[in-house]
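First comes one chain, alone, set out as structure tokens in the form predicted on its own.
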């Protein structure tokens, strides 16, 4: 950034919508050079304790957002990024966006969010339900149990369980808890598709979110008979989510005059189909080839990898044809809490003198593997893979009066590495090889954490060559939508970047971690696979004490 711009160069903008803010990145089409960036925080952040409109308390496990915060990113971050790049906006030929998923909202037929209607402004169910809205677990349980009883063929494509985070669980919760808002909703749409609608004025759906979060397999959604078995009034749900379905990298439309005013970009430039932050990062990391697993590590972790054939992997988030890139089967898994766990400890549990990641990491790095005598479960925000149960909770075993804060911190880091290893082993056991592990996201900057992952998984770790992987991945898709490259793979080769084998496993530490991983698996199966449902009972007691039914 900062080099003189050549007026002959063409540029694209990638916009990455995260949990708390949106980032715009200006990228040169010819070589992927990142020339300007800006971040805009969401004014309402995450509403998980009270609704901003009237201050009413929200029940446990809710997480809402205001969709106008997403428009604000277009109004502020995009012009600021172009200004930082020092280019003429006329040189920008395309824009693409990505989102955390499943982040979903109800709208009218023209795309107006229901929460923007005056009469529904104080109705929580009229708002965006963020990916980490986990209050639909009981609805997900019914979706899974009914599908298993009926032998629904699509269930195995999602590892045997649909998540409470996804479109159907959240939609069923909406119907049964606020049927008026449900019936007012003409459309139930991923924020990834809604923001594209705002940009180009046309509703589209992308194959990624439709397949992974919308249970669309083999060209169709679950049948009306199945939906009626859940609730007779749910039979029309698929009409709310069905729409023009486009492949990743396709052009959804052209930038409208209104969106051009928001962004300062030329009216009529290409707007790419929406995408998911994790899946779009594969292109930025040059990890389109089968076997290259990308772990996008931030507040949570999403694992994505392309495979050459269809396989059903128990506990996975899903397998979708073309879900990461055209011509391959895209597999997804994930961990619901990673950076959030570390942040919780630093902010709420570490005593004075230990309350920074830097201090804790430095002290923890000096300790040999296993010297703390601890093992933890990484379920502080539930379990996405392999158990798909967001009512599970965290656990640390081995605490004594001699335990120190940095030892707990290290055990928490290690627990997330064990969770990733379980996911990788599940892929391998199902016949989906993982030949390379590529790390993206903000947590890649923690060298202790990266070395732990290399040692626990016993394989080299490559690092994406950009600190802004999702935004770069979106920019790559914008270049394809603008016609500068024939496909995502070609654009990825030219514009993406990766540093190979930056961290290598140490054989001695890897053997030591094998022993600890055995203990992790024992705890994992005991508390997560029916050995003891104590965590679920405790959550039920908590929710009852807060005035909510589990």
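For the two forms, the rigid core is made up of the largest set of C-alpha atoms that agree within 1.5 Å on superposition. Bear in mind that the values here come from a model prediction, so they are computed numbers and not experimental data. Positions refer to the first chain, counted from 1.
Same protein, other form: the form predicted together with a further copy of the same chain, not shown, and the subject of what follows.
J.: If contact means any heavy atom within 4.5 Å, which of 46 to 54, 482 to 490, 520 to 528, 25 to 33 contacts a further copy of the same chain in the predicted complex?
T.: Of the options given, it is 520 to 528.
J.: Even though the partner isn't displayed, in the predicted complex is residue 537 close enough to a further copy of the same chain, meaning a heavy atom within 4.5 Å?
T.: Within the cut-off, so yes.
J.: Is there any non-hydrogen atom of residue 347 lying within 4.5 Å of a further copy of the same chain in the predicted complex?
T.: Yes.
J.: Residue 541 near a further copy of the same chain in the predicted complex, any heavy atom under 4.5 Å?
T.: Flag for residue 541 set to yes.
J.: Considering non-hydrogen atoms and a 4.5 Å limit, does a further copy of the same chain approach residue 262 in the predicted complex?
T.: So residue 262 does not count as contacting a further copy of the same chain.
J.: Find the only residue in 128, 369, 450, 155 having a heavy atom within 4.5 Å of a further copy of the same chain in the predicted complex.
T.: Contact check passes for 369.
J.: Counting any non-hydrogen atom inside 4.5 Å, which residue from 89, 394, 124, 465 sits next to a further copy of the same chain in the predicted complex?
T.: Only one listed residue qualifies here, and that residue is 394.
J.: For the stretch 390 to 422, I need every residue with any heavy atom inside 4.5 Å of a further copy of the same chain in the predicted complex, listed N to C.
T.: Residues within 4.5 Å: 393, 394, 395, 396, 397, 398, 399, 400, 401, 403, 404, 405, 407, 408.
J.: Kindly check if the Cα atom of residue 528 is displaced 2 angstroms or more between this form and the one not shown relative to the superposed rigid core.
T.: Yes, the C-alpha position differs by at least 2 Å between this form and the one not shown.
J.: Is residue 194 displaced by at least 2 Å at its C-alpha between this form and the one not shown when the rigid core is overlaid?
T.: False for residue 194: its C-alpha shift is below 2 Å.
J.: Does superposing the core leave residue 372 with a CA shift of 2 Å or more between this form and the one not shown?
T.: For residue 372, whose C-alpha is compared between this form and the one not shown after core superposition, the shift is 2 Å or more.
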